[in-house]
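First, one chain by itself in structure tokens, the form predicted alone.
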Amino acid sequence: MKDITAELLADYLAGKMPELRDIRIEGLARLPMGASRETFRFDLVHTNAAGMPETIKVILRRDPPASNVDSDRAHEFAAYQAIYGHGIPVPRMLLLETDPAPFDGSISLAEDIRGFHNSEYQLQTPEWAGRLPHVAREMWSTMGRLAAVPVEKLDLSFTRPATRENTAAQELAYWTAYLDRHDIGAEPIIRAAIRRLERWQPVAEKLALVHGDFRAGNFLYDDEGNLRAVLDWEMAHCGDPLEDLAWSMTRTFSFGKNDKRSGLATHEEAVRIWEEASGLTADPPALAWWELFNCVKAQGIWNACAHVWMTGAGNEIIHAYAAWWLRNAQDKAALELMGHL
């Protein structure tokens, strides 16, 4: 792919943002994060109307030639715009370019909220042990508030429509097809999970904007553990908010050390916090369905990583990691949920 350089960016933005004079790019660097998109950080320096220099801190995301999720810059950009201003802290979107020609891939620009943490691994260090209950409350209460936002107040035209009655079957069909499309061999455990899920699907208590990947590692937090922004909305869609709750408690995001989900709180604690904030009820059979469903969804993503690596479509080491470790861990999680471990 084309190298993203300061010169290339400055020339491009001068044409896209003519209101900004004397544009220059400083501190351009690629960030080592994520398996689905390339992420860059830079300062956009320009001259304001008073002739003084001003700086906009920017995050750039680029669609690569091969990814582990079916999404694009337009989808994530629209998701951020949909939820912005509705009580969920997210960065402000600045620019969307869907023409891949300028950068060999679509890009989006957003404000860069700097000075905070997003590492889920840092939360597992001894220094953070005393702050984990607060981080847990911040994460699951924010997730609960997202679930409570009325969907009729949001522009969700960017995603597939859903009803309370069909969303579970629709998501299962989508991710089963995704698994099929990235077939890398027999999946007896996940196929057994799919057969179980096909026998019955829950009806959602309400529809919500589902983030799709809400977990530790996908939000910014400060030194006290306060949540500052929710990131990575590329799998956002209209659906059952229990999907987010179940995803956050997937065993593959629990670090394998204890029963703390997302490395933060027990299953029971997470559900309690979410229910208090959302005003909804996490019906146990429905939540159990979504937890098993998320094993199918996750395995589809991990298989897509393996497919990218095996076909040579990409060579990011995180794809090999997912293909090796996460696929095995997901099988184990599914077996546990089905009562066979």
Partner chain sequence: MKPGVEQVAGELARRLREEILPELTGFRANVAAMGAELMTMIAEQWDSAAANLVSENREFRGIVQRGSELLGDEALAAAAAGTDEDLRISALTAENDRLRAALTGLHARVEDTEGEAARALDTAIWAALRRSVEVRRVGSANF
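Note that the coordinates shown come from a computational prediction; the quantities given were computed from them, not determined experimentally. Positions refer to the first chain, counted from 1.
Not pictured, yet referred to below: the form predicted in complex with its partner chain.
For the candidate spot formed by F255, Y321 and A329, every residue has a non-hydrogen atom within 4.5 angstroms of its partner chain in the model of the complex. Only one of 300-308, 23-31, 48-56, 271-279 lies within 4.5 Å of its partner chain in the model of the complex by heavy atoms, and it is 23-31. Note on contacts: among R251, H75, R137, H182, the single residue with a heavy atom within 4.5 Å of its partner chain in the model of the complex is R251. Comment: its partner chain is not present in this chain, but in the model of the complex one of I189, L172, A82, V230 has a heavy atom within 4.5 Å of it, namely I189. Using a 4.5 angstroms limit between non-hydrogen atoms, R195 touches its partner chain in the model of the complex. Contact check for L8: no non-hydrogen atom falls within 4.5 Å of its partner chain in the model of the complex. With a 4.5 Å cutoff on heavy atoms, R199 counts as touching its partner chain in the model of the complex. Using a 4.5 angstroms threshold between heavy atoms, E291 stays clear of its partner chain in the model of the complex. Contact residues in stretch 323-341 (any heavy atom within 4.5 Å of its partner chain, taken in the model of the complex) are W324, W325, N328, A329, D331, K332, A333, L335, E336, M338, H340, L341.
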